[in-house]
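Single chain ahead, written as structure tokens, the form predicted on its own.
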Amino acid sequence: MLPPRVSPSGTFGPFGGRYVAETLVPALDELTSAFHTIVFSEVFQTELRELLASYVGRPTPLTRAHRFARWLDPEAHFLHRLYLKREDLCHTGAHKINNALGQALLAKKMGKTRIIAETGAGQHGVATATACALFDLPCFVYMGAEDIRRQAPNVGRMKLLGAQVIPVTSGSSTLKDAMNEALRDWVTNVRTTHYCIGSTAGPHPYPELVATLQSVIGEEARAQCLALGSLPDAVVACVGGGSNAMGIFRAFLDDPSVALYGVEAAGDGVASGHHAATLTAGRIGVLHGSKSYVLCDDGGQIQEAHSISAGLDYPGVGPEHAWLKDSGRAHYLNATDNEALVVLDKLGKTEGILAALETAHAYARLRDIARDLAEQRGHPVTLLVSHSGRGDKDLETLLTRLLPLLPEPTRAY
């Protein structure tokens, strides 16, 4: 069954729905039917839970980040405790495997013989290639040429797993353009092909399908928090298209005491116009088959997005996030490239955890969130962060952008 916030037509209030070529309508109807009849069946759920446990490595743990919390608030005036939901410890290094594995299993049961995907940071591409290798399905991953350049390790991983990586050189050669090409492929090969969308974006039923498959993050985290004694005061996650955020938000939507915060990529600063802060500076429009907030000009033309993190430079956002913003249930902030780099460095040196650049954006606003929330509630607060992925894939960017800014270490003899 669909939760009350989404209609049978896949709309979240005024957002979502389907805005696609007629060619895709039968395929989307087929997928919607399979989603309701197969994904929610006990047979599918049992098989998926077994794979998540024995193959992905779930449940992922909660880690208390004590030293990083004290860097944010040395005297614990406003931040009591900070917990990280460690999706970086999943097989393939990020939350993306939860969705890719579920969609590949669904495609296999639907009789599809070919899988396509889009990817920005490469983590969804790696996850899809991994799932396809496991299920013996051919995999074709569309990836912007710019993202191929800056995410070379993940490109190599996809190829080693047997996927064909298809460069996209149109537009800004990033995630938006890769999704455009994947949709064109699907229109042409719709009968045999399943399009494994990586985020809570796209036409119905994809936002609901992806959120459902990623909701294991929040279900685990909520139970783990209760086992520690109480729910957090707030849950924080980075937001590009929005899958890791929806994955953890879903379990807390009906807990009014838990505030929800998403952090977008502000790039060089929202005022510069060189950013990917869709919910901060966007307007309502249609992108990739769904109505949501988008970055566009006065004529409605989609603008290019920018972020140091390849997974966040998307000029749209999942429709459920748009609904959560307008309803007031979730709050959306933003962080610049440089702010993300600073906290990524501090997290590594205080906790021994190298975060993905995407994930680092969430950490960049923790001090502000904790201070404001503590002032509202009259006591230091506990925060839970969706640590969505590890930073191995970003080493080239970190070595060129972050390392030169750091002082030489002092030698101790």
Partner chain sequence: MPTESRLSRIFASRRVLVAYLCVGDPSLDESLELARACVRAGADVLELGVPFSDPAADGPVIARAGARALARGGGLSATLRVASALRTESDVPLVLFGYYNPIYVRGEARAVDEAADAGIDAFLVVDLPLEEAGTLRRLAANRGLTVVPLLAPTSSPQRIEAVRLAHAEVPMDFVYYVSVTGITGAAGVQAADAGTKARTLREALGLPVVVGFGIDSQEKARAAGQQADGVVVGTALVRAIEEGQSAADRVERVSSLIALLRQGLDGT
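Residue numbers count along the first chain shown, from 1. All values reported here derive from a predicted model rather than from experimental measurement.
Keep in mind that the form predicted together with the partner chain is not shown, yet the notes after this line are about it.
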Check: Within 4.5 Å of the partner chain in the predicted bound form, heavy atoms considered, which of Glu75, Asp254, Asp298, Asp136?
Finding: Asp298
Check: Which residue, Lys325, Arg157, Arg150, Lys176, has a heavy atom that falls within 4.5 Å of the partner chain in the predicted bound form?
Finding: Lys176
Notebook entry, point to check: Which of these stretches, 102 to 110, 214 to 222, 254 to 262, 179 to 187, has heavy atoms within 4.5 Å of the partner chain in the predicted bound form?
Noted result: 179 to 187
Next item on the list: Find out whether any non-hydrogen atom of Thr23 is located within 4.5 angstroms of the partner chain in the predicted bound form, and reply yes or no.
Entry: yes
Notebook entry, point to check: Would Gly13 count as a contact of the partner chain in the predicted bound form, using a 4.5 angstroms cut-off between non-hydrogen atoms?
Noted result: no
Notebook entry, point to check: Hey, in the predicted bound form, does His306 get a heavy atom within 4.5 angstroms of the partner chain?
Noted result: no
Note to self: I'd like to know whether Pro167 contacts the partner chain in the predicted bound form, with contact meaning heavy atoms within 4.5 angstroms.
What the structure shows: no
